[in-house]
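Shown next as structure tokens: one chain only, the form predicted alone.
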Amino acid sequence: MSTGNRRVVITGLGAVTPLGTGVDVFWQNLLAGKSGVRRIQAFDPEGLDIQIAAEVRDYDAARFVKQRKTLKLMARDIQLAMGGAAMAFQDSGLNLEQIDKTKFGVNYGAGLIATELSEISPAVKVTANSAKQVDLKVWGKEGFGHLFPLWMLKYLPNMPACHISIAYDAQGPNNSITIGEASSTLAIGEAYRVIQRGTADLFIGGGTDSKIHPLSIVRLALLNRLTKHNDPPEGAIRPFDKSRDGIVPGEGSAALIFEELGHAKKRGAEVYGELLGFGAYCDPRDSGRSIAKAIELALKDAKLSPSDLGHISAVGAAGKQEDKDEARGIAQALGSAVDSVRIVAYKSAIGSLTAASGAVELVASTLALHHGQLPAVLNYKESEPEMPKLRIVRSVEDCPKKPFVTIGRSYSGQCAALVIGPLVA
């Protein structure tokens, strides 16, 4: 019986990002200071206040899905998830024939998946009244008849985890977390706890999301979260900079293989790092407090102090108040170590990937630890005087071989933090 103290390591990485598909190209472009933000190609953005996004280009989901006919049941978010999972599994060197499938789990962060307008518009047309509003009574009687029978299965947010578990015959614990930008960080934290308890030995954990859709962008616009900087696109996202004015929507996915240390050693797996701690907190009235408490709880769980950290992967969404609150929370958690701990913000290059953000950014910082380099925060010059001063990485720096923290935070105040470090005896 497990004591709950089993050690958990990372043995595989996979990513589908606006900077490329695969961890190698993602890392090379991130380190080179390239931006994945360009004018929207998925649809004509003319008439929208924001006409740029961080899109995944030249991605072919058929490369990663054996049962090609199932692609028609996979929305964009699900297709992106399949690629990340496939690459992480391959990178891990796992052999499905040698795995106890009942101890193999899947935990994924996912978001609200917007339906394709071409699929839903026939149903909307027959149910709209003279005021051009959908009559819900008519919708139930007539609208559904204009949708293909398995339409809903294409858009449920638990389907990425379902399809991945089917593809790899993962018969262990399976869950989906849908809490905005905190989703995949929380999903990974849960996978960590499940392995610690002994209910599973192995997990595919990650997140996926796509906000390159008219409906998704309109929702973000109604929340007044989007940047007004359309030109040049690569200069739009400005985490912690005094000229920041909002986020840039994006899409992507990432997956990591999490494994109990003894399980990984037995098969001779390469280890990228070890999960050392996890913390979560929610204060919808004060997101700065949420961040500070989540970091403090994660460090306590890891039995570390702020001075033990090499860097923090910040949320860095580039919202005016969001970044100010985050800077305050990070400074509070770090205390006297605030001058020495480096701060990176990968959204400056890849945009806001919402539910996928935590997983993609964890992959990025795991690669930074692995390669010994920290990518620069793009478009950062200086913060406003009233913002707590952080050590923002302005150009490529050496990455200390020390533990790091990665943060996931939702717009409504839920926050999660993970501590990852190099494997030590």
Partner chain sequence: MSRRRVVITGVGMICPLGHDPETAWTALKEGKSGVGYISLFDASEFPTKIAGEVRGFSPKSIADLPGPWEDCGRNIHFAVHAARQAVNDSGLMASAGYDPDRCGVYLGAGEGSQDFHHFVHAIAKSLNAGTDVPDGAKFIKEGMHDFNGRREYEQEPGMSSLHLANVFNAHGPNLSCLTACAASSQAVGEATELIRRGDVDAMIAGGTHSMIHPLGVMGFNLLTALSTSNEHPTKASRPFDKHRNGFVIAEGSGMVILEEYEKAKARGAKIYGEVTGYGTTADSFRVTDTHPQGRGAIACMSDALKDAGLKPTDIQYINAHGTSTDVNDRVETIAVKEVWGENAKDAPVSSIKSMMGHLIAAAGAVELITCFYAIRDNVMPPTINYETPDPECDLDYVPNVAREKKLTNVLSNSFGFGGQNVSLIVSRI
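In this text, rigid core is short for the largest set of C-alphas that superpose within 1.5 Å between two forms. Residue numbers count along the first chain shown, from 1. It should be emphasised that the depicted structure is a prediction, and the values quoted were computed from it without experimental measurement.
The following text describes the form predicted together with its partner chain, which does not appear among the structures shown.
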*Give a yes or no on whether each residue among 89, 310 and 347 has a heavy atom within 4.5 Å of its partner chain in the predicted bound form.*
no
*Quick one: is residue 133 in contact with its partner chain in the predicted bound form, heavy atoms, 4.5 Å cut-off?*
yes
*Could you tell me if residue 269 has a non-hydrogen atom within 4.5 Å of its partner chain in the predicted bound form?*
no
*Is residue 11 close enough to touch its partner chain in the predicted bound form, meaning at least one heavy atom pair within 4.5 Å?*
no
*With the cut-off set at 4.5 Å between non-hydrogen atoms, does residue 117 touch its partner chain in the predicted bound form?*
yes
*Looking at 231-239, 327-335, 247-255, 170-178, which lies within 4.5 angstroms of its partner chain in the predicted bound form, counting heavy atoms?*
170-178
*Just one of 282, 261, 99, 304 has a heavy atom within 4.5 Å of its partner chain in the predicted bound form. Which one?*
282
_Listed residue that, although its partner chain is not shown, lies within 4.5 Å of it in the predicted bound form (heavy atoms), from 398, 382, 44, 60_ = 44
_For a quick check, can you give me the residues of 118-140 that have a heavy atom within 4.5 Å of its partner chain in the predicted bound form?_
118, 120, 121, 122, 124, 125, 128, 131, 132, 133, 134, 136, 137, 139, 140
*If you line up the core, does residue 218 shift 2 angstroms or more at its C-alpha between this form and the one not shown?*
no
*If we fit on the core, is the Cα of residue 265 displaced 2 Å or more between this form and the one not shown?*
no
